[in-house]
Ligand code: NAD
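The data below hold one chain only, encoded as structure tokens and taken in the form predicted alone.
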Amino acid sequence: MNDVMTNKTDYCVENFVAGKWVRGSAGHIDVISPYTGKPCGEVHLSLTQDVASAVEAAKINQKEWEQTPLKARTQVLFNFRDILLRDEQKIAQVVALESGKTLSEAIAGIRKGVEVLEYALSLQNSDLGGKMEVSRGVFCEYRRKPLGVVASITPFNFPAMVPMWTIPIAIVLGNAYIWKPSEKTPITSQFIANAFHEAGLPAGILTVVQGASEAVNALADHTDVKAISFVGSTKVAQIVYKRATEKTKRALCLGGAKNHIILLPDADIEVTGAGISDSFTGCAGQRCMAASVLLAVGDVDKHITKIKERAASQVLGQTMGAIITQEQLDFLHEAIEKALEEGAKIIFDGRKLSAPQENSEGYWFGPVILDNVKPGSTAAKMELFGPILSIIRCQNISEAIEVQNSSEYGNAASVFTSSGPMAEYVASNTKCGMFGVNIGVPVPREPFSFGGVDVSKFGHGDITGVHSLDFWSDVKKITTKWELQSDANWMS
């Protein structure tokens, strides 16, 4: 039974500025639910002047927030955590409705966001300063200082989780944070902003600006926005990174992926079937950590049979969600036809799976497994962002690693094997930012940080975890001496 409520059509989403909901000046567009193909609300978009007003309000309020003791800033986040967990089901319903996720996937995304929030809460007890007597009578210390006003642009596929990667850490460090959600999935931002307001976050510390490209450009250009993060496609990530850094601001922009899984004959067959199938079918393949390419080394046909069986068990609208737009749905069908033209063979065609009867006009696309995909072909190289697994047959592990490393992307990779030494060999020789052993979706857990390499990431550091702290703050170093020392050396 489909647990996602699809009869909601009354959401009207605006900007959240200085603690109040205000309407942007660029008119409104419908928010279309992938479940139904019909509007579930509307969002009012912003012009450059709307962004400028939002930044000014954030700037005014940031100084007082910075001067608020860290323990007090942290207390607001504790309150927010309680509210988020209290309203988890309600927020998950909205996430699923506007993004096409299943309810369980929406809940999982919120809980991953809570994990990052809990890491931010721990910062009151770690990495916020240090002091040492470096020479007789001479002390060095460091203090973390917020940047001021920072901004983040988040994608449609995780309306709650991806913002929660950055909001808690940025604001607990003393910044004022401006959030530009995807115009495809803006409704979730209304619930999160209201939860922060209820938690006692001062006005202006969290600002939500709705909009499209004009709002993004305005944030990248504004001189008072000191840092900007982005998650989305590689094409747009590169544009935002270039535009922001040309304005001398700090930027960290995560792009697309073409994740490879290397499958060896000694892999556990049950672990393989579930792990690889769930990787490419979960979230209908619309996540940067999804398996895109299976590098099948040697005789692994029995493993592939298990992957097919698991994929065939998916039920659209229950265990698999919908595709975000009609345009993306059309693109996936075209990608399959292109793959067949380039010599691939369909060994499982989930396009024949039935759409949910109550939501038959939604954007549904079942799992597809392509075999005999050639390295260098479109299905092997392009990020398709849907539940499509491309199998490339490899003679040996060296060939598989060569194919993986030839990709322009460097987000994630995995190996499925029962051999510890072989797993370590593959982990050491593959080019990626995140790696899994017998794990189809190798997302690090906090405080281990999230981020890829190559064209999967533009900028330095990572967007979560310990490696995110230096992105959202500066480190001030202070050296102090109060009196002359009788045994002074060159340092004192």
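The numbering used is simple: start at 1 and walk along the sequence shown. These figures come from a predicted structure and were not determined experimentally.
Absent from the display: the form predicted together with the named molecule. The rest refers to it.
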Let me know the one among 414, 281, 188, 411 whose heavy atoms come within 4.5 Å of the named molecule in the predicted bound form, would you?
411
Under a 4.5 angstroms heavy atom criterion, identify the one residue in 155, 387, 317, 350 near the named molecule in the predicted bound form.
155
Out of 196-204, 417-425, 371-379, 256-264, where are the residues with a heavy atom within 4.5 Å of the named molecule in the predicted bound form?
256-264
Three-residue site 183, 213 and 288 fully in contact with the named molecule in the predicted bound form at 4.5 Å by heavy atom:
yes
Give a yes/no on whether residue 236 approaches the named molecule to within 4.5 Å in the predicted bound form, heavy atoms considered.
yes
Can you check whether residue 232 is within 4.5 Å of the named molecule in the predicted bound form, heavy atom basis?
yes
Residue-level contact is defined here as any heavy atom of the residue lying within 4.5 Å of the named molecule in the predicted bound form; does residue 383 satisfy this criterion?
yes
Using 4.5 Å between non-hydrogen atoms, is residue 62 touching the named molecule in the predicted bound form?
no
What residues in 439-461 sit within 4.5 Å of the named molecule in the predicted bound form, counting heavy atoms only?
450, 456
